[in-house]
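Only one chain is included here, represented as C-alpha coordinates and corresponding to the form predicted alone.
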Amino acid sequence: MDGPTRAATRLDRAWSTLEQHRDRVAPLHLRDLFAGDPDRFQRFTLRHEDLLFDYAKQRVTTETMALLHELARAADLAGWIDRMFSGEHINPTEDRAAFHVALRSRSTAPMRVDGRDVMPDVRAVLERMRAFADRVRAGEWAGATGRPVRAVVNIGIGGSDLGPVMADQALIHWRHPGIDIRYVSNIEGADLTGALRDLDPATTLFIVASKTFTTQETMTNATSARAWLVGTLGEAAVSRHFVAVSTNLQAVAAFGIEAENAFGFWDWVGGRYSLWSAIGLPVMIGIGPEAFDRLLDGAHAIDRHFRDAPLDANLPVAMALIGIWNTNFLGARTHAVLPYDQGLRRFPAYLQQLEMESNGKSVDRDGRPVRHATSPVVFGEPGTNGQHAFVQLFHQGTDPVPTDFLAPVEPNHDLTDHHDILLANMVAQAQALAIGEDEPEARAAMIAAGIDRATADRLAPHRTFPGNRPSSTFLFRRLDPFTLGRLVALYEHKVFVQGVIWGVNPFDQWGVELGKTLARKVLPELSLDALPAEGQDASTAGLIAYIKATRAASDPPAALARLGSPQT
(Lines give C-alpha, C1' and ligand atoms only; values in the text may rest on other atoms or scores of the structure.)
Protein backbone atom coordinates (compact mmCIF):
# COMPACT_ATOMS: atom_id res chain seq x y z
CA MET A 1 0.00 0.00 0.00
CA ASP A 2 1.54 3.34 -1.06
CA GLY A 3 1.77 6.47 1.13
CA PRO A 4 -1.28 8.34 -0.18
CA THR A 5 -3.43 5.21 0.07
CA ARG A 6 -2.33 4.61 3.66
CA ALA A 7 -3.07 8.24 4.52
CA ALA A 8 -6.56 8.04 2.97
CA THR A 9 -7.26 4.81 4.85
CA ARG A 10 -6.18 6.38 8.13
CA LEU A 11 -8.37 9.42 7.45
CA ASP A 12 -11.36 7.23 6.60
CA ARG A 13 -10.83 5.22 9.74
CA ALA A 14 -10.65 8.37 11.89
CA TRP A 15 -13.83 9.67 10.29
CA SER A 16 -15.65 6.37 10.82
CA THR A 17 -14.56 6.23 14.46
CA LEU A 18 -15.95 9.70 15.03
CA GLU A 19 -19.26 8.72 13.45
CA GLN A 20 -19.54 5.76 15.83
CA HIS A 21 -18.62 8.00 18.75
CA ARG A 22 -21.25 10.55 17.64
CA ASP A 23 -23.94 7.87 17.79
CA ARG A 24 -22.97 7.17 21.40
CA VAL A 25 -22.77 10.74 22.67
CA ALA A 26 -25.49 12.45 20.62
CA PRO A 27 -28.19 11.68 23.22
CA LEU A 28 -26.19 13.48 25.94
CA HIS A 29 -27.50 16.90 26.96
CA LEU A 30 -25.16 19.73 27.90
CA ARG A 31 -26.86 20.14 31.25
CA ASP A 32 -25.98 16.51 32.01
CA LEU A 33 -22.39 17.01 30.85
CA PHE A 34 -22.03 19.95 33.24
CA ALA A 35 -23.72 18.10 36.08
CA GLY A 36 -21.41 15.14 35.63
CA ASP A 37 -18.16 17.12 35.47
CA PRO A 38 -17.60 19.98 37.94
CA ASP A 39 -14.27 20.71 36.22
CA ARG A 40 -15.73 21.01 32.73
CA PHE A 41 -14.84 24.69 32.40
CA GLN A 42 -11.18 24.08 33.24
CA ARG A 43 -11.10 21.04 30.98
CA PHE A 44 -12.53 22.81 27.94
CA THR A 45 -10.89 26.23 27.97
CA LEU A 46 -7.71 27.46 26.29
CA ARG A 47 -5.84 30.73 26.81
CA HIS A 48 -3.49 33.01 24.96
CA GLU A 49 -2.29 35.64 27.41
CA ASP A 50 -5.48 37.55 28.39
CA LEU A 51 -7.59 35.88 25.68
CA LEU A 52 -9.83 33.08 26.96
CA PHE A 53 -11.49 30.55 24.65
CA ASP A 54 -14.28 28.68 26.44
CA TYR A 55 -15.74 25.75 24.52
CA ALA A 56 -17.24 23.96 27.53
CA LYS A 57 -20.71 24.65 26.08
CA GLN A 58 -19.91 22.67 22.94
CA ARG A 59 -21.37 19.17 22.75
CA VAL A 60 -18.02 17.47 23.18
CA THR A 61 -16.40 15.16 25.67
CA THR A 62 -12.75 14.46 26.36
CA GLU A 63 -13.02 11.46 24.05
CA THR A 64 -14.59 13.62 21.33
CA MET A 65 -11.63 15.98 21.37
CA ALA A 66 -9.12 13.11 21.37
CA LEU A 67 -10.80 11.57 18.33
CA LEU A 68 -10.91 14.94 16.56
CA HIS A 69 -7.19 15.39 17.21
CA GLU A 70 -6.64 11.97 15.64
CA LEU A 71 -8.63 13.15 12.61
CA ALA A 72 -6.29 16.15 12.35
CA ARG A 73 -3.24 13.91 12.55
CA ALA A 74 -4.70 11.59 9.93
CA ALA A 75 -5.11 14.59 7.61
CA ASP A 76 -1.42 15.45 8.15
CA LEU A 77 -2.29 18.80 9.67
CA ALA A 78 1.19 19.27 11.13
CA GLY A 79 2.67 18.72 7.68
CA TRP A 80 0.32 21.24 6.09
CA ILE A 81 1.13 23.83 8.75
CA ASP A 82 4.81 23.34 8.05
CA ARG A 83 4.21 23.65 4.31
CA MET A 84 2.33 26.93 4.74
CA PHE A 85 5.02 28.46 6.97
CA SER A 86 7.70 27.21 4.58
CA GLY A 87 6.22 29.12 1.64
CA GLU A 88 5.33 26.02 -0.39
CA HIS A 89 2.74 26.32 -3.16
CA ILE A 90 -0.21 25.09 -1.10
CA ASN A 91 -2.63 26.84 -3.49
CA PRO A 92 -2.50 24.22 -6.26
CA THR A 93 -5.10 25.63 -8.67
CA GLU A 94 -3.16 28.89 -8.97
CA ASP A 95 0.26 27.35 -8.31
CA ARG A 96 1.03 29.82 -5.54
CA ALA A 97 2.09 29.96 -1.93
CA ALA A 98 -0.39 31.27 0.64
CA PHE A 99 2.13 33.21 2.65
CA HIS A 100 0.18 35.94 4.44
CA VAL A 101 2.01 34.97 7.64
CA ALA A 102 5.09 36.67 6.16
CA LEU A 103 3.24 40.00 6.03
CA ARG A 104 3.07 40.20 9.83
CA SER A 105 6.28 38.37 10.72
CA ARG A 106 8.14 40.21 13.46
CA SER A 107 11.07 37.80 13.33
CA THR A 108 14.46 38.51 11.77
CA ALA A 109 14.47 35.02 10.25
CA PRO A 110 14.11 34.78 6.46
CA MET A 111 10.81 33.62 4.99
CA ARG A 112 11.22 32.18 1.53
CA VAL A 113 8.98 31.61 -1.47
CA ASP A 114 10.58 29.77 -4.39
CA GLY A 115 13.94 30.07 -2.63
CA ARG A 116 13.77 33.86 -2.25
CA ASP A 117 13.51 35.64 1.10
CA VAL A 118 10.45 37.88 0.80
CA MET A 119 10.97 39.75 4.05
CA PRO A 120 13.12 42.59 2.63
CA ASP A 121 10.31 43.41 0.18
CA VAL A 122 7.66 43.14 2.89
CA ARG A 123 9.59 45.46 5.19
CA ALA A 124 10.26 47.93 2.36
CA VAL A 125 6.55 48.26 1.56
CA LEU A 126 5.70 48.67 5.24
CA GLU A 127 8.29 51.44 5.54
CA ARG A 128 6.83 53.24 2.52
CA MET A 129 3.36 52.88 4.03
CA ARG A 130 4.59 54.28 7.35
CA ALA A 131 6.24 57.27 5.71
CA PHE A 132 3.16 58.04 3.63
CA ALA A 133 0.75 57.58 6.55
CA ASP A 134 2.86 59.86 8.74
CA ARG A 135 2.82 62.60 6.08
CA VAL A 136 -0.95 62.41 5.70
CA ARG A 137 -1.55 62.33 9.45
CA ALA A 138 0.78 65.28 10.03
CA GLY A 139 -0.89 67.37 7.32
CA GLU A 140 2.29 67.31 5.22
CA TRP A 141 0.69 65.63 2.19
CA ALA A 142 -0.88 68.55 0.35
CA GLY A 143 -3.51 68.34 -2.34
CA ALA A 144 -3.42 70.27 -5.59
CA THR A 145 -4.39 73.53 -3.88
CA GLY A 146 -1.83 73.13 -1.10
CA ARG A 147 -4.38 72.22 1.56
CA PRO A 148 -3.80 69.09 3.71
CA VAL A 149 -5.88 65.92 3.45
CA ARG A 150 -8.89 65.81 5.73
CA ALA A 151 -10.71 62.80 4.22
CA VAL A 152 -9.47 59.49 2.83
CA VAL A 153 -11.77 57.41 0.62
CA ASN A 154 -10.70 53.81 0.08
CA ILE A 155 -12.11 52.29 -3.13
CA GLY A 156 -11.95 48.50 -3.26
CA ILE A 157 -14.13 45.42 -2.98
CA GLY A 158 -13.98 42.01 -1.31
CA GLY A 159 -10.75 41.60 0.60
CA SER A 160 -9.67 45.09 -0.44
CA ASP A 161 -12.65 46.47 1.47
CA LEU A 162 -13.98 44.06 4.09
CA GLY A 163 -10.74 43.72 6.04
CA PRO A 164 -9.90 47.44 6.18
CA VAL A 165 -13.51 48.42 6.97
CA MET A 166 -13.71 45.86 9.76
CA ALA A 167 -10.38 46.92 11.30
CA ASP A 168 -11.08 50.62 10.90
CA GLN A 169 -14.39 50.35 12.75
CA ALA A 170 -12.97 48.07 15.42
CA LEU A 171 -10.14 50.50 16.15
CA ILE A 172 -12.05 53.75 15.82
CA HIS A 173 -10.85 54.85 19.27
CA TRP A 174 -7.33 54.96 17.83
CA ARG A 175 -8.43 56.98 14.77
CA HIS A 176 -6.80 60.33 13.98
CA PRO A 177 -9.41 62.91 15.05
CA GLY A 178 -8.77 65.20 12.09
CA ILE A 179 -9.02 62.65 9.25
CA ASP A 180 -12.28 61.13 8.06
CA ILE A 181 -11.83 57.61 6.63
CA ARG A 182 -14.54 56.32 4.29
CA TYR A 183 -14.93 53.17 2.22
CA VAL A 184 -16.60 52.57 -1.13
CA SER A 185 -17.05 49.09 -2.56
CA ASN A 186 -20.47 48.55 -4.10
CA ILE A 187 -20.93 49.30 -7.80
CA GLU A 188 -24.37 50.64 -6.84
CA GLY A 189 -23.92 54.39 -7.35
CA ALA A 190 -25.39 55.35 -4.00
CA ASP A 191 -22.29 53.97 -2.29
CA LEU A 192 -19.94 56.39 -4.02
CA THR A 193 -22.26 59.38 -4.13
CA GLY A 194 -23.04 58.95 -0.45
CA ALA A 195 -19.35 58.84 0.45
CA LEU A 196 -18.60 61.99 -1.57
CA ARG A 197 -21.71 63.99 -0.71
CA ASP A 198 -20.19 66.36 1.87
CA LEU A 199 -16.49 66.13 0.95
CA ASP A 200 -14.27 68.85 -0.49
CA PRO A 201 -12.24 67.64 -3.48
CA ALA A 202 -9.36 69.87 -2.42
CA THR A 203 -8.89 67.97 0.87
CA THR A 204 -9.86 64.45 -0.24
CA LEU A 205 -7.41 61.62 -0.93
CA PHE A 206 -8.47 58.44 -2.74
CA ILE A 207 -6.86 55.03 -2.31
CA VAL A 208 -7.68 52.72 -5.22
CA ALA A 209 -7.10 49.14 -4.03
CA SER A 210 -6.99 46.58 -6.83
CA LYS A 211 -4.12 44.17 -7.38
CA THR A 212 -4.69 44.05 -11.15
CA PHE A 213 -6.21 47.53 -11.45
CA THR A 214 -8.89 45.94 -13.61
CA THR A 215 -11.57 44.91 -11.08
CA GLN A 216 -14.80 46.20 -12.64
CA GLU A 217 -16.50 47.49 -9.52
CA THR A 218 -13.37 49.15 -8.16
CA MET A 219 -12.28 50.75 -11.41
CA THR A 220 -15.78 51.98 -12.25
CA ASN A 221 -15.98 53.68 -8.85
CA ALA A 222 -12.43 55.00 -9.20
CA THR A 223 -13.17 56.45 -12.64
CA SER A 224 -16.29 58.19 -11.34
CA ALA A 225 -14.36 59.53 -8.34
CA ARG A 226 -11.67 60.77 -10.70
CA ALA A 227 -14.29 62.62 -12.77
CA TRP A 228 -15.69 64.18 -9.56
CA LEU A 229 -12.24 65.45 -8.63
CA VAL A 230 -11.23 66.60 -12.12
CA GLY A 231 -14.50 68.48 -12.54
CA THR A 232 -13.41 70.81 -9.75
CA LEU A 233 -9.60 70.73 -9.71
CA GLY A 234 -8.60 69.69 -13.22
CA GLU A 235 -6.57 66.79 -14.64
CA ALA A 236 -3.31 67.87 -13.03
CA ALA A 237 -4.79 67.30 -9.57
CA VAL A 238 -5.12 63.52 -9.99
CA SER A 239 -1.54 62.74 -8.95
CA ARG A 240 -2.00 64.64 -5.65
CA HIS A 241 -5.33 63.11 -4.76
CA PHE A 242 -5.03 59.46 -5.84
CA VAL A 243 -2.73 56.68 -4.70
CA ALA A 244 -2.95 53.01 -5.61
CA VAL A 245 -2.51 49.64 -3.98
CA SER A 246 -1.72 47.54 -7.03
CA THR A 247 0.93 45.64 -8.92
CA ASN A 248 -0.17 46.85 -12.37
CA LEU A 249 2.03 49.94 -12.61
CA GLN A 250 1.23 50.50 -16.28
CA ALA A 251 -2.51 50.79 -15.58
CA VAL A 252 -1.81 52.89 -12.49
CA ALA A 253 0.24 55.34 -14.57
CA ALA A 254 -2.44 55.50 -17.27
CA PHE A 255 -4.94 56.49 -14.58
CA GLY A 256 -2.69 59.42 -13.62
CA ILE A 257 -1.12 58.04 -10.44
CA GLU A 258 2.64 58.38 -10.09
CA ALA A 259 4.66 55.20 -9.62
CA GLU A 260 6.03 56.33 -6.26
CA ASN A 261 2.44 56.53 -5.01
CA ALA A 262 1.65 52.92 -5.88
CA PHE A 263 2.02 50.40 -3.06
CA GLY A 264 2.46 46.83 -4.22
CA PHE A 265 1.89 43.36 -2.85
CA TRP A 266 2.46 39.87 -4.15
CA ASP A 267 0.63 37.00 -5.80
CA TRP A 268 1.08 34.89 -2.66
CA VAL A 269 -1.24 37.31 -0.81
CA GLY A 270 -4.89 36.30 -1.22
CA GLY A 271 -7.43 39.10 -1.14
CA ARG A 272 -9.21 37.95 2.02
CA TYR A 273 -5.82 37.52 3.74
CA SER A 274 -4.48 40.92 2.66
CA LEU A 275 -5.35 43.24 5.57
CA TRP A 276 -1.72 42.97 6.73
CA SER A 277 -0.35 44.20 3.38
CA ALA A 278 -0.60 47.58 1.65
CA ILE A 279 -4.34 46.88 1.51
CA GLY A 280 -4.23 48.03 5.15
CA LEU A 281 -2.99 51.50 4.15
CA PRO A 282 -6.26 53.30 5.06
CA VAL A 283 -6.18 51.57 8.44
CA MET A 284 -2.59 52.69 9.00
CA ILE A 285 -3.49 56.26 8.06
CA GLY A 286 -6.38 56.14 10.49
CA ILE A 287 -4.74 54.57 13.54
CA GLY A 288 -1.10 55.42 12.86
CA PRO A 289 1.93 53.24 12.09
CA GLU A 290 2.62 52.34 15.74
CA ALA A 291 -0.89 50.99 16.30
CA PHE A 292 -0.75 49.18 12.95
CA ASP A 293 2.46 47.52 14.14
CA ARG A 294 0.56 46.29 17.20
CA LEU A 295 -2.06 44.81 14.87
CA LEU A 296 0.74 42.90 13.14
CA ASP A 297 2.20 41.93 16.51
CA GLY A 298 -1.08 40.33 17.56
CA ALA A 299 -1.39 38.31 14.38
CA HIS A 300 2.25 37.21 14.60
CA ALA A 301 1.73 36.07 18.21
CA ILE A 302 -1.06 33.76 17.03
CA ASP A 303 1.06 32.60 14.08
CA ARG A 304 3.75 31.44 16.52
CA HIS A 305 1.18 29.81 18.76
CA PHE A 306 -0.46 28.01 15.81
CA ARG A 307 2.88 26.80 14.46
CA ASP A 308 4.39 25.71 17.80
CA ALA A 309 1.60 24.70 20.20
CA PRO A 310 0.67 21.01 20.44
CA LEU A 311 -2.68 20.02 18.95
CA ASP A 312 -4.46 19.69 22.28
CA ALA A 313 -3.41 23.21 23.35
CA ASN A 314 -3.77 24.93 19.98
CA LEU A 315 -6.57 27.52 19.80
CA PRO A 316 -7.14 27.63 16.02
CA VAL A 317 -7.00 23.83 15.87
CA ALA A 318 -9.62 23.56 18.63
CA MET A 319 -11.85 26.12 16.89
CA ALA A 320 -11.58 24.25 13.59
CA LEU A 321 -12.18 20.80 15.04
CA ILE A 322 -15.24 21.95 16.97
CA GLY A 323 -16.58 23.44 13.75
CA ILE A 324 -16.03 20.15 11.94
CA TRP A 325 -17.74 18.25 14.77
CA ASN A 326 -20.77 20.53 14.54
CA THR A 327 -20.91 20.58 10.72
CA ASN A 328 -20.02 17.04 9.78
CA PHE A 329 -21.14 14.98 12.75
CA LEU A 330 -23.96 16.96 14.39
CA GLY A 331 -25.40 18.20 11.08
CA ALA A 332 -25.21 21.98 11.60
CA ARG A 333 -25.18 23.93 8.34
CA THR A 334 -24.93 27.41 9.80
CA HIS A 335 -22.55 29.18 12.16
CA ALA A 336 -23.24 32.46 13.95
CA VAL A 337 -20.68 34.98 15.20
CA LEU A 338 -22.03 37.44 17.77
CA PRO A 339 -19.52 40.07 18.90
CA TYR A 340 -20.65 41.84 22.03
CA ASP A 341 -18.70 44.95 21.10
CA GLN A 342 -20.03 47.57 18.71
CA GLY A 343 -16.55 48.04 17.28
CA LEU A 344 -16.69 44.49 15.92
CA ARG A 345 -19.97 45.05 14.09
CA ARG A 346 -18.35 44.26 10.71
CA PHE A 347 -16.45 41.23 12.03
CA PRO A 348 -19.20 38.75 11.03
CA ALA A 349 -19.24 40.16 7.47
CA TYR A 350 -15.45 39.86 7.33
CA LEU A 351 -15.68 36.24 8.47
CA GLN A 352 -18.38 35.51 5.90
CA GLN A 353 -15.86 36.09 3.15
CA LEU A 354 -12.97 34.49 5.02
CA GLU A 355 -14.85 31.26 5.69
CA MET A 356 -17.34 30.86 2.84
CA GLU A 357 -15.09 32.08 0.04
CA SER A 358 -12.25 29.92 1.35
CA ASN A 359 -14.01 26.66 2.14
CA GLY A 360 -17.24 26.93 0.16
CA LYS A 361 -16.02 24.21 -2.21
CA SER A 362 -17.54 21.01 -3.57
CA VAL A 363 -14.37 19.48 -5.04
CA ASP A 364 -11.15 18.59 -3.26
CA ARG A 365 -7.60 19.67 -4.07
CA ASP A 366 -7.43 17.01 -6.78
CA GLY A 367 -10.69 18.06 -8.42
CA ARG A 368 -12.75 15.16 -7.08
CA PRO A 369 -16.16 15.64 -5.45
CA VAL A 370 -15.84 16.16 -1.70
CA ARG A 371 -17.11 13.37 0.51
CA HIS A 372 -18.38 15.55 3.34
CA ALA A 373 -20.10 18.91 3.86
CA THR A 374 -17.72 21.85 3.83
CA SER A 375 -18.20 25.45 4.96
CA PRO A 376 -21.36 26.31 6.88
CA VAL A 377 -23.24 29.52 6.21
CA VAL A 378 -21.70 32.21 8.43
CA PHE A 379 -23.68 35.19 9.71
CA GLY A 380 -23.99 37.43 12.70
CA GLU A 381 -24.73 40.81 14.25
CA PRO A 382 -23.45 42.60 17.33
CA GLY A 383 -25.08 41.76 20.64
CA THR A 384 -27.54 42.77 21.87
CA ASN A 385 -29.02 43.64 18.46
CA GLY A 386 -28.93 40.00 17.38
CA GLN A 387 -30.92 39.01 20.46
CA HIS A 388 -33.82 41.08 19.13
CA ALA A 389 -33.53 39.72 15.60
CA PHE A 390 -32.62 36.09 14.99
CA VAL A 391 -31.66 34.62 18.38
CA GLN A 392 -35.29 33.46 18.82
CA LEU A 393 -34.50 30.80 16.20
CA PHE A 394 -31.35 29.81 18.10
CA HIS A 395 -33.34 29.07 21.23
CA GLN A 396 -36.52 27.51 19.90
CA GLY A 397 -36.00 26.82 16.22
CA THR A 398 -35.82 23.32 14.78
CA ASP A 399 -32.15 23.51 13.79
CA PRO A 400 -29.40 24.33 16.31
CA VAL A 401 -27.03 27.13 15.25
CA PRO A 402 -23.53 26.80 16.71
CA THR A 403 -22.51 30.23 17.92
CA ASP A 404 -19.34 32.14 18.77
CA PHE A 405 -19.71 34.89 21.38
CA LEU A 406 -16.93 37.48 21.64
CA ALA A 407 -16.57 40.29 24.18
CA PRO A 408 -14.00 42.50 25.90
CA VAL A 409 -14.00 42.47 29.69
CA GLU A 410 -13.21 46.19 29.72
CA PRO A 411 -14.89 48.61 27.29
CA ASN A 412 -13.30 51.43 25.29
CA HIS A 413 -15.76 53.93 26.76
CA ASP A 414 -16.81 55.24 30.18
CA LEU A 415 -20.34 53.80 30.30
CA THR A 416 -19.39 50.84 32.47
CA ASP A 417 -22.97 50.20 33.54
CA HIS A 418 -23.86 49.68 29.87
CA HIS A 419 -20.99 47.25 29.52
CA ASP A 420 -22.03 45.23 32.56
CA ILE A 421 -25.52 44.85 31.06
CA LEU A 422 -23.92 43.83 27.77
CA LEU A 423 -21.71 41.18 29.39
CA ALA A 424 -24.57 39.88 31.51
CA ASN A 425 -26.64 39.41 28.36
CA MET A 426 -23.86 37.58 26.54
CA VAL A 427 -23.12 35.20 29.41
CA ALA A 428 -26.83 34.56 29.94
CA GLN A 429 -27.50 33.88 26.25
CA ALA A 430 -24.76 31.26 26.13
CA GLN A 431 -26.09 29.71 29.34
CA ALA A 432 -29.68 29.66 28.09
CA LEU A 433 -28.66 28.08 24.78
CA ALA A 434 -26.76 25.33 26.59
CA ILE A 435 -28.96 24.56 29.60
CA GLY A 436 -32.40 25.57 28.37
CA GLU A 437 -35.57 25.32 30.42
CA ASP A 438 -37.85 22.30 30.23
CA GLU A 439 -41.63 22.41 30.40
CA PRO A 440 -41.97 21.71 34.15
CA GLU A 441 -39.41 24.43 34.87
CA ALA A 442 -41.20 26.88 32.61
CA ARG A 443 -44.54 26.10 34.26
CA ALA A 444 -43.09 26.46 37.76
CA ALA A 445 -41.46 29.79 36.90
CA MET A 446 -44.77 31.20 35.65
CA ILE A 447 -46.69 30.02 38.72
CA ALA A 448 -44.00 31.52 40.96
CA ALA A 449 -44.48 34.81 39.09
CA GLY A 450 -48.20 34.79 39.93
CA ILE A 451 -49.63 33.33 36.73
CA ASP A 452 -52.60 31.03 37.29
CA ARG A 453 -52.18 27.30 36.75
CA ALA A 454 -54.43 27.07 33.68
CA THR A 455 -52.59 29.87 31.91
CA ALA A 456 -49.25 28.39 32.91
CA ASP A 457 -50.29 25.01 31.47
CA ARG A 458 -51.35 26.66 28.22
CA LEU A 459 -48.19 28.74 27.84
CA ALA A 460 -45.64 26.22 29.06
CA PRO A 461 -44.97 24.61 25.64
CA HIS A 462 -44.37 28.06 24.15
CA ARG A 463 -41.97 29.02 26.93
CA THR A 464 -39.93 25.84 26.87
CA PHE A 465 -36.30 26.03 25.74
CA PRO A 466 -34.74 22.71 24.72
CA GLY A 467 -31.17 23.85 25.36
CA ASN A 468 -28.28 21.68 24.20
CA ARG A 469 -27.46 24.41 21.65
CA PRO A 470 -23.66 24.62 21.31
CA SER A 471 -21.61 27.78 21.65
CA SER A 472 -18.09 29.00 22.33
CA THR A 473 -17.12 32.21 24.11
CA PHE A 474 -14.07 34.42 23.61
CA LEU A 475 -13.18 36.89 26.36
CA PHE A 476 -10.28 39.34 26.25
CA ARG A 477 -9.30 42.31 28.35
CA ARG A 478 -9.91 45.05 25.79
CA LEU A 479 -10.45 45.43 22.07
CA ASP A 480 -7.22 47.05 20.89
CA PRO A 481 -4.95 46.64 17.84
CA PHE A 482 -3.03 43.71 19.36
CA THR A 483 -6.19 41.81 20.28
CA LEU A 484 -7.83 42.47 16.92
CA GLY A 485 -4.73 41.04 15.20
CA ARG A 486 -5.03 37.94 17.37
CA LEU A 487 -8.72 37.46 16.65
CA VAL A 488 -8.34 37.76 12.89
CA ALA A 489 -5.36 35.39 12.81
CA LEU A 490 -7.24 32.85 14.96
CA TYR A 491 -10.06 32.66 12.44
CA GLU A 492 -7.66 32.65 9.47
CA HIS A 493 -5.89 29.60 10.83
CA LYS A 494 -9.18 27.95 11.83
CA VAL A 495 -10.30 28.20 8.20
CA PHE A 496 -6.98 26.76 7.02
CA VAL A 497 -7.23 23.78 9.39
CA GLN A 498 -10.76 23.02 8.24
CA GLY A 499 -9.68 23.23 4.60
CA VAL A 500 -6.91 20.73 5.29
CA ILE A 501 -9.27 18.25 6.94
CA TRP A 502 -11.97 18.65 4.28
CA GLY A 503 -9.27 18.29 1.62
CA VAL A 504 -10.21 21.51 -0.21
CA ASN A 505 -8.06 24.42 -1.35
CA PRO A 506 -9.03 27.37 0.88
CA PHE A 507 -6.96 29.86 -1.12
CA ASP A 508 -8.75 30.06 -4.48
CA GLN A 509 -12.19 31.48 -5.27
CA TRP A 510 -13.22 30.43 -8.75
CA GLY A 511 -16.87 30.66 -7.76
CA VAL A 512 -16.53 34.45 -7.85
CA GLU A 513 -15.64 34.46 -11.53
CA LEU A 514 -18.56 32.98 -13.50
CA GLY A 515 -21.12 35.63 -12.53
CA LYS A 516 -18.62 38.39 -13.32
CA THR A 517 -17.91 36.85 -16.73
CA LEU A 518 -21.60 36.59 -17.56
CA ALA A 519 -22.19 40.17 -16.35
CA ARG A 520 -19.78 41.42 -18.99
CA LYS A 521 -21.93 39.67 -21.61
CA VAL A 522 -25.20 40.99 -20.22
CA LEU A 523 -24.02 44.61 -19.90
CA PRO A 524 -24.16 45.54 -23.62
CA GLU A 525 -27.57 43.87 -23.92
CA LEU A 526 -29.03 46.50 -21.56
CA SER A 527 -28.62 49.18 -24.22
CA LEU A 528 -32.01 50.14 -25.64
CA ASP A 529 -30.86 49.70 -29.22
CA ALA A 530 -29.19 46.33 -28.61
CA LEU A 531 -30.76 43.31 -30.26
CA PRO A 532 -31.65 40.37 -28.00
CA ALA A 533 -28.71 38.01 -27.69
CA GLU A 534 -29.10 34.45 -28.84
CA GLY A 535 -28.76 31.58 -26.45
CA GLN A 536 -30.03 33.30 -23.29
CA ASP A 537 -32.37 31.28 -21.11
CA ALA A 538 -35.96 32.51 -21.00
CA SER A 539 -35.67 34.04 -17.53
CA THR A 540 -32.49 36.00 -18.30
CA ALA A 541 -33.90 37.21 -21.62
CA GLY A 542 -37.15 38.23 -19.92
CA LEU A 543 -35.34 40.19 -17.19
CA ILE A 544 -33.20 42.06 -19.73
CA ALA A 545 -36.28 42.85 -21.81
CA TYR A 546 -38.17 44.13 -18.77
CA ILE A 547 -35.30 46.41 -17.74
CA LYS A 548 -35.15 47.90 -21.25
CA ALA A 549 -38.92 48.21 -21.54
CA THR A 550 -39.23 49.95 -18.17
CA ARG A 551 -36.60 52.45 -19.21
CA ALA A 552 -38.19 53.03 -22.59
CA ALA A 553 -41.86 53.35 -21.74
CA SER A 554 -44.28 54.39 -19.06
CA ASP A 555 -46.22 51.21 -19.79
CA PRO A 556 -43.74 48.34 -19.33
CA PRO A 557 -46.20 45.53 -20.21
CA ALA A 558 -47.05 47.21 -23.54
CA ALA A 559 -43.37 47.75 -24.27
CA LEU A 560 -42.69 44.14 -23.41
CA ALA A 561 -45.33 43.07 -25.88
CA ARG A 562 -43.68 45.20 -28.57
CA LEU A 563 -40.34 43.58 -27.73
CA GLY A 564 -41.91 40.16 -28.06
CA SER A 565 -41.01 39.09 -24.52
CA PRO A 566 -43.21 36.69 -22.55
CA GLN A 567 -45.45 38.38 -19.98
CA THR A 568 -46.91 37.18 -16.75
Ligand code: F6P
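Residue numbers here begin at 1 and follow the sequence given. Computed from a predicted structure; not experimentally measured.
We do not show the form predicted in complex with the named molecule, though everything after this point is about it.
Which of these residues, 353, 204, 314, 387, gets a heavy atom within 4.5 Å of the named molecule in the predicted complex?
That would be 353.
Of the residues 154, 210, 277, 429, which one places a heavy atom within 4.5 Å of the named molecule in the predicted complex?
Looking at the other structure, the residue within range turns out to be 210.
Pick from 481-489, 146-154, 159-167, 394-402: which stretch has non-hydrogen atoms within 4.5 Å of the named molecule in the predicted complex?
Looking at the partner contacts, the answer comes out as 159-167.
Considering non-hydrogen atoms and a 4.5 Å limit, does the named molecule approach residue 328 in the predicted complex?
It does not: once the named molecule is placed as it appears in the predicted complex, residue 328 has no heavy atom within 4.5 Å of it.
Please run the contact check for residue 61 against the named molecule in the predicted complex: heavy atoms, 4.5 angstroms, yes or no?
No - in the predicted complex, heavy atoms of residue 61 and the named molecule never come within 4.5 Å of each other.
So in the predicted complex, does any heavy atom of residue 180 sit within 4.5 Å of the named molecule?
No, residue 180 sits far enough from the named molecule in the predicted complex that none of its heavy atoms falls within 4.5 Å.
In the predicted complex, is there a heavy atom of the named molecule that lies within 4.5 Å of any heavy atom of residue 512, even though the partner is absent here?
Heavy-atom contact with the named molecule at 4.5 Å: present for residue 512.
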